[in-house]
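For reference, the chain that follows is the form predicted on its own, supplied as structure tokens.
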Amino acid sequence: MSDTKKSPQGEWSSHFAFILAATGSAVGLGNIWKFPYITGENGGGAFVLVYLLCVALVGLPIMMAETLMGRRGRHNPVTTMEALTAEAKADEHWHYLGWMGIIAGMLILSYYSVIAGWATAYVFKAFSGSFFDADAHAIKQLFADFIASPIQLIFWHTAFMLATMSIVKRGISHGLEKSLRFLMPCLFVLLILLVGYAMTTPGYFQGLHFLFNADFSKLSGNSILTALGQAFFSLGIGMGAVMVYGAYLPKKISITETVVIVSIADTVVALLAGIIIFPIVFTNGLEPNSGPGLIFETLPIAFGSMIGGWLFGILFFVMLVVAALSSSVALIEPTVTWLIETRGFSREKACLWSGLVTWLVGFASIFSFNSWSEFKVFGLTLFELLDYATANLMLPIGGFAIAIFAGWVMVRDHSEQELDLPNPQSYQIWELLIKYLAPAAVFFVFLDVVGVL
């Protein structure tokens, strides 16, 4: 199909444009705090090595599969799965894989936008000097008061969603591509600036030791599963974004080369975030294992007391917003594309309705931090429920299904044509990984996250 067809939405103008888009889709808030945090918890450098192996052996094959499926179908995830299913003469129920990606992307963005709104608000708090000379109690109270106010959270959630949809409504070349040509270089410039600052801190080498020291005694079976899960989720597989971005990929561009570059860039961002955060943490005598509080309750203490903290606090939270925005445009694009291609909406109307629904669903997360904090389902707040249902259930199931479809259902000649690997042996290696290793690995991650292992 993709030999002659192009996506109705257009194509990326270049190899570089697709790399920026796919990297932006993968890089998000999780790279800035989660990867450094779980690395410290699971053996430092030893964990990093395991993570890199998981990216190479599991993440890469599945991301290649989702990209080639998108380019083969050339449409939104649902229409693409319908076309590929018909082409393979397979069970028509496979099209639900496309639906799951679209729904997962919207649900993730509904609460992702709320957290990104926090980061946006903290840019202004840093700018106004709210962290200056504040002790740990004052910073924690600042954060507690902030999330206790539905009005503030709604305002920042709305601001972030408006920024996201204003980019998406401009389309591929004028919206997504143009914004990512600015956002991704900006993100890397901010990272390098903050790494430069981290190198001047007394805790720099202690931070590097914490992040990279290979203590294999701390590795466990659970550590390996954690590394596998992080590799899988950090690449953004199973939420429709990779598939729809693949639909915009010109035939002449190598899927394999591009996916390798994207995975390397995604990992580099995570490592640079650790190099930034941990020296600041150790220099100021803070706890490195504070989880999400590391960003909003711990680092502001450091920014409020260190030399140049006002400037670097602003830069840090701007970096968070940039990373979040580059991911958010990818999360909503599959829904927008589906509305355009199957319901005849204009891009502006599709953005309006998809953005409005996502914005409204975000209220569940907002109120779960204050007015509805006592309301729980299966012991989880609505925010925690959305997070668990998407990250721990929908994405692993989606990734598993992608591996099975690409490896066992899709016509072999078609996947071979799309990958266009340099020799038969390379394709056979990918086929081995996508048929056996990748689905088995994702299956075990799924069992782990639902508590079976």
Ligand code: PHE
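Nothing here was measured: the structure is a model prediction, and the numbers come from that model. Don't overthink the numbering: it's just position in the shown sequence, from 1.
What comes next is about the form predicted in complex with this ligand, which does not appear here.
**Student:** Which is the contacting stretch out of 338-346, 155-163, 213-221, 234-242, given heavy atoms within 4.5 Å of this ligand in the predicted bound form?
**Tutor:** Among the candidates, contact is made by 234-242.
**Student:** Would you kindly say which of 393, 421, 29, 49 lies with a heavy atom within 4.5 Å of this ligand in the predicted bound form?
**Tutor:** By the 4.5 Å heavy-atom cutoff, the listed residue in contact is 29.
**Student:** Answer with one of 248, 296, 131, 112: the residue that has a non-hydrogen atom within 4.5 Å of this ligand in the predicted bound form.
**Tutor:** Of the candidates 248, 296, 131, 112, 112 is the one lying within 4.5 Å of this ligand in the predicted bound form.
**Student:** Residue 327 versus this ligand, in the predicted bound form: is there a non-hydrogen atom within 4.5 Å?
**Tutor:** The answer is yes: residue 327 has a heavy atom within 4.5 Å of this ligand.
**Student:** Answer for residue 9 alone: is it within 4.5 Å of this ligand in the predicted bound form, judged on heavy atom distances?
**Tutor:** No, residue 9 sits far enough from this ligand in the predicted bound form that none of its heavy atoms falls within 4.5 Å.
**Student:** According to a 4.5 angstroms non-hydrogen atom cut-off, is residue 262 in contact with this ligand in the predicted bound form?
**Tutor:** Residue 262 lies outside the contact set for this ligand.
**Student:** Evaluate residue 331 for contact with this ligand in the predicted bound form, applying a 4.5 angstroms cut-off between non-hydrogen atoms, and reply yes or no.
**Tutor:** It does: once this ligand is placed as it appears in the predicted bound form, residue 331 has a heavy atom within 4.5 Å of it.
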